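The chain below stands alone and is given in structure tokens; this is the form predicted on its own.
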Amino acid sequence: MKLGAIEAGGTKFVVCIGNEKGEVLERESFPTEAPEKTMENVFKFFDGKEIEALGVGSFGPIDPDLTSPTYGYITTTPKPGWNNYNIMGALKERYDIPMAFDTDVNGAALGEATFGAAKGLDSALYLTIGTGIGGGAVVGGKLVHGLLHPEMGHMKMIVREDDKYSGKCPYHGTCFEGLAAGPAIEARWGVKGSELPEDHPAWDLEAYYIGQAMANYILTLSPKKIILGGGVMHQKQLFPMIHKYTQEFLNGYIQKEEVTTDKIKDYIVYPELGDNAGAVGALALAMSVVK
């Protein structure tokens, strides 16, 4: 089966040809520019490839509701030119094939649940912690949607007493994204996270906020696996500290060995698909609409 995948990111688009095994056979990437220029590059890649279905995982906010008049739109993004852009309309006008549309993080969650770290499980949570923080969840084998789509990066946090930073989020200040995304790390410490040494106190503070968020997600969604991706999570020394703080915030309330013992190291993990989680997730989205 020949499938198409688009990981539509705010910084770059990744386009792929793959198959039902989640194998990427052909891949290109290019900067996210104005919609017309970006979509021209998308069409140049897919034209003549004879794909059978297409999956699109996009930066948001988006409208994924099939019954909505603005289904397939990238909605209230501040990214110039993309506000209320009908990306699925442009694709459907070009290609008469089944298509699926969701957030990039929901796509990555589905990818990890289908082919990666949560394969075989009907419940999983995927978080990306990078330029922003976003999350996607699989519950009962299905991606979570509702009024819109999950915006897990914007839950308010308990600010640690020794942290005097006022938060980066223009909407919520000290939400998870406002305290722990890449721009917040840089604003708080004066350099990009990638320039900080592994033993810098920034990472203990970062793990404190991530662990706090993990406890909240566990209490709310009760996922069978949590996968943490994104640029910040390239700092692999974070994981043991995140495990510790998650347990401290749960404080023994959830009596499951996955979170009360050292098995937590196999419960909160790095993406098995690595930086391909979004692209492979879009392939999984394409598979979901093939009869």
Ligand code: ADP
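This one's a predicted model, so the numbers in the text were calculated from it and none came from an experiment. Heads up: residue numbers just count along the shown sequence, starting at 1.
This protein has a second form, the form predicted together with the ligand, left out of what is shown; the following refers to that one.
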Answer for Thr75 alone: is it within 4.5 Å of the ligand in the model of the complex, judged on heavy atom distances? no
According to a 4.5 angstroms non-hydrogen atom cut-off, is Thr11 in contact with the ligand in the model of the complex? yes
Give a yes or no for Gly193: in the model of the complex, does one of its heavy atoms lie within 4.5 Å of a heavy atom belonging to the ligand? yes
Do Thr131 and the ligand come within 4.5 Å of each other in the model of the complex, heavy atoms counted? yes
The unique member of Ile226, Ala53, Ile242, Val232 whose heavy atoms fall within 4.5 Å of the ligand in the model of the complex: Val232
Report the residue, out of Trp203, Tyr165, Tyr217, Tyr95, that has at least one non-hydrogen atom within 4.5 angstroms of the ligand in the model of the complex. Trp203
Which one of these stretches, 138-146, 95-103, 166-174, 179-187, sits within 4.5 Å of the ligand in the model of the complex when only heavy atoms are counted? 179-187
